[in-house]
Structure formats: structure tokens, C-alpha cells
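Below you will find one chain, with nothing else, as C-alpha cells; this is the form predicted alone, and questions on how it binds or moves follow later.
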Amino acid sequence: MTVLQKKTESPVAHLTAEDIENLGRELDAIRAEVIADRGERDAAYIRRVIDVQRKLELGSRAVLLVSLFPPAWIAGTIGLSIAKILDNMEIGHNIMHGQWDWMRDPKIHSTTWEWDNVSPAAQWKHSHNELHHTYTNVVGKDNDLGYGIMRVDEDQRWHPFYLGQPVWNFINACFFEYGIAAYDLELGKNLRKSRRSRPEFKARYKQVLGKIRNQVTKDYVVHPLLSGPSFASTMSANFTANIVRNLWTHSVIMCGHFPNGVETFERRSIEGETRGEWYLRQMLGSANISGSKAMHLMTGNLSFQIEHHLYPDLPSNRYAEIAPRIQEIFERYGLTYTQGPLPKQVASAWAKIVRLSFPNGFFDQVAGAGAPVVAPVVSLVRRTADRAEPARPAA
């Protein structure tokens, strides 16, 4: 397995092929144990979360009927924001992973569930479940790495376009559901004339437009109209709740795959990959968020991103239970279990995005230039004029 980020010491150099396969067998055993133990308490958990979410959303929308009054607007907006986060994170994301398919409940099944999001469930499942979780952090294969608009590793060739990636990332965060819908459609390559006329793309595009129309009608037409005199304030409350949900979701996902300590991989690293090596890639390519039970719930238990990537289809309420065992395996095999509080992980991810928006070594040049930073800036301008920086030679 080749880690893309070139380091003087590989984080897995001390592991033999036998070590990696033993690690895989240990992780398989934990998975089998949880599957054998799934039962009524797990089913009761997801049903309870769904019940709370629906009541919270209904109650919040009822309060927003009189959102003309500021206290009602504040309470309704907060409640609706939480309801939307729960719908997307702990409920929708995990149901569509098939975590609850074993219940055989057609109302809580990956094949029937649709969420409060402009990205159709079927398209999201393809890009997320089939691609992202298969090719986790493999540059050029895992489109979740930068969503096609950001530079995420020093060995990616730098272009002047990347200077704007902090801005693109912030805009993407605010309207994340629309960014995901565009990402699921692979608009970057499918809008080319040779591809956009294909029947398959047209059908998927119409499906997305239909989902967007339904969501916009619900949040910005139907519910505001039901509010009568509170039409405008209810519309603003729905808009605010969607922005809050998008910012939160984006931050949680960033914390899982972008902070310092998370590795990326070359395409060739997955050639002939064994089960143990796949597990190892998930361990190195994910990071956790430490925090309270309430925080874990609001992240959809993606605060246990490492456990989720090892076992994406296990019930999310089990991640906290197995996390100590996973951490012990990390320690025993000499691997770093990357985790930290939400503010630290968010700051780390954003720092990486800003750093990689500039050519390699730019900030080192600025730090070494002293007060006048003319030379590094001139160098950046020249590189921008030349349109690209040559890729860094392999170590």
C-alpha cells in the first residue's frame, strides 16, 4: 500500500503482510459479533430517533405559522434546523447505507427511503456508497476528495484555479445539498457536449430537477403560504434552517477526511488490495470527532468516522460501543487513531484547504522572507502566469 503523501517514514512501514491480514481478521470478527447481536434495542433506537425528528419538525413548522413574532421565528428556526440535521445525518445517511435493512421494515429500508435533500437518494447512494466507500481517499478515484474543485494533496499538480478554493469551499458549504446533487450528477464531465445528450444523463438530470422542485416548493412556497401574514418570515426561517443544516453537514464531513493525520492514496495502492489492506486504508483515511452523546447524535455518529468507514452498514448506535476496541487495535498495531474536538478538526481541515490552495512551499517562503514578502509573491504571480506548477518529484 502506497501512501500518496510522501513522508520520510511511512505510517505502515513497520507492518508486515501477515500483520495486515491478522488485523483484517480481527476487524472481521468484531463485525460478525455486532451482526449476530443486532436486535430489538437497535430497532427501537432508530424508530425512536425517527419519531423524535418527525415530531420536532412538525412542532417547529407549527411554531413558524406565527413566525412574524421574533420569539416564534427563533424557536421555529432552531427546531427546524435540528430536525433537518437529524433527517440527513442520523436517519437518512445511515438508512441509505443499509444499516437497518435487516429489520425488513419497508418504511426504514435503503431501497425506499427518501430524505429532505435536493440530491435524489438513488444517485447519492451510487456516488457515496459505491464509489466513496470503495475508493476512500484514493486521489482520482474518490470524488469526495475535494469534490473535483479542490486540491487536497501536495502531489496534485497546482493550478491558479486553486487559489480560489477557500472561497469555493465556503460557497459549497453554504449550499452543500446543491453541491452534492451536482457532484452526484458528475456535472464537470457530463456537461460536455458529447455527454450531456446521452439518455442516461438526461434522465438523471430530470430526476435531480424534480427533487429540487419538490424541496423548493415545500420550503419556499407551501409552508410560507400556510403561514399567511408570516409568509416572508417563514420563508426566511426555512432558508436559514437549510443553510445551518448545510454548514453543519459540510463541517462534519470535512472533519472526517481532511484534518491533519488523514492520509490520501495513489491509484496504484489499491491494485490487488486484500481485505486487510482495505481495512487499513479506511483506518488511515478517516478521522474522528470527540464529544458528547448529543454531538454524536447530531453528526449521525459520523463523529466515529473511522468506525463508520470500517463498517458502513452496521447500525450507527453501535459505533460508540466498538470504538474503544478499534482504538486498542490501532495502538497494538502502532497506528495513529486520529481524533479531536470539533473546533480543532474543523480548523485543521480549513488550514489544509488554505495551504493547498497555494503552490508547495509558498508559506515557507513567506515565513523566511521576513518583513518584505516581495520575492514569494512575485514567484506566485509568475507561476500563475505560467498557469501551472510542475508536479513535485516522487521521494
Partner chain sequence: MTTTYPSPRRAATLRARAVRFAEMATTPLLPADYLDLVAPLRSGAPLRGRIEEVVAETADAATIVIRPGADWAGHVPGQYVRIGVDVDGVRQWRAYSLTHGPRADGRISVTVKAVPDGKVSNHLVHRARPGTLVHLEQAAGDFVLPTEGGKFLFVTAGSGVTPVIGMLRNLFPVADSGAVRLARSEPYDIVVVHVAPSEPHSIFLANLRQLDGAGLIRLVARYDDQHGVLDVEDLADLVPDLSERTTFACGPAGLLDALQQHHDGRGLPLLTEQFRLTTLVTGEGGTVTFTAADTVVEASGDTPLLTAGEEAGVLMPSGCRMGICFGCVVPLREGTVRDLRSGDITTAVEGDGVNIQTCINAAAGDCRIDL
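Residue numbers count along the first chain shown, from 1. This is a predicted model, so every value here is computed, not measured.
Below, we turn to the form predicted together with its partner chain, even though it does not appear here.
Engineer: Should the three residues 326, 331 and 361 be counted as contacting its partner chain in the predicted bound form, with contact defined as a heavy atom within 4.5 Å for each?
Structural biologist: No residue of the spot touches its partner chain in the predicted bound form.
Engineer: Taking heavy atoms only, is residue 161 within 4.5 angstroms of its partner chain in the predicted bound form?
Structural biologist: Because no heavy atom of residue 161 falls inside 4.5 Å of its partner chain in the predicted bound form, the answer is no.
Engineer: So in the predicted bound form, does any heavy atom of residue 355 sit within 4.5 Å of its partner chain?
Structural biologist: Output for residue 355 is no: heavy atoms all beyond 4.5 Å of its partner chain.
Engineer: Mark residue 271 yes when one of its heavy atoms lies within 4.5 Å of a heavy atom of its partner chain in the predicted bound form, and no otherwise.
Structural biologist: The answer is no: residue 271 has no heavy atom within 4.5 Å of its partner chain.
Engineer: With the partner left out of view, is residue 195 within 4.5 angstroms of its partner chain in the predicted bound form by any non-hydrogen atom?
Structural biologist: Answer no; every heavy atom of residue 195 is more than 4.5 Å from its partner chain in the predicted bound form.
Engineer: Spot the stretch among 176-184, 255-263, 220-228, 152-160 with residues whose non-hydrogen atoms come within 4.5 Å of its partner chain in the predicted bound form.
Structural biologist: Only one stretch passes the 4.5 Å heavy-atom test: 220-228.
Engineer: Sort through 58, 351, 366, 68 and report the residue having a heavy atom within 4.5 Å of its partner chain in the predicted bound form.
Structural biologist: Contact residue from the list: 58.
Engineer: Between the options 62, 43, 34, 347, which residue brings a heavy atom to within 4.5 Å of its partner chain in the predicted bound form?
Structural biologist: Of the listed residues, the single hit is 43.
Engineer: Considering only 71-106, what residues come within 4.5 Å of its partner chain in the predicted bound form, judged by heavy atoms?
Structural biologist: Contacting residues: 101, 102, 103, 104, 105, 106.
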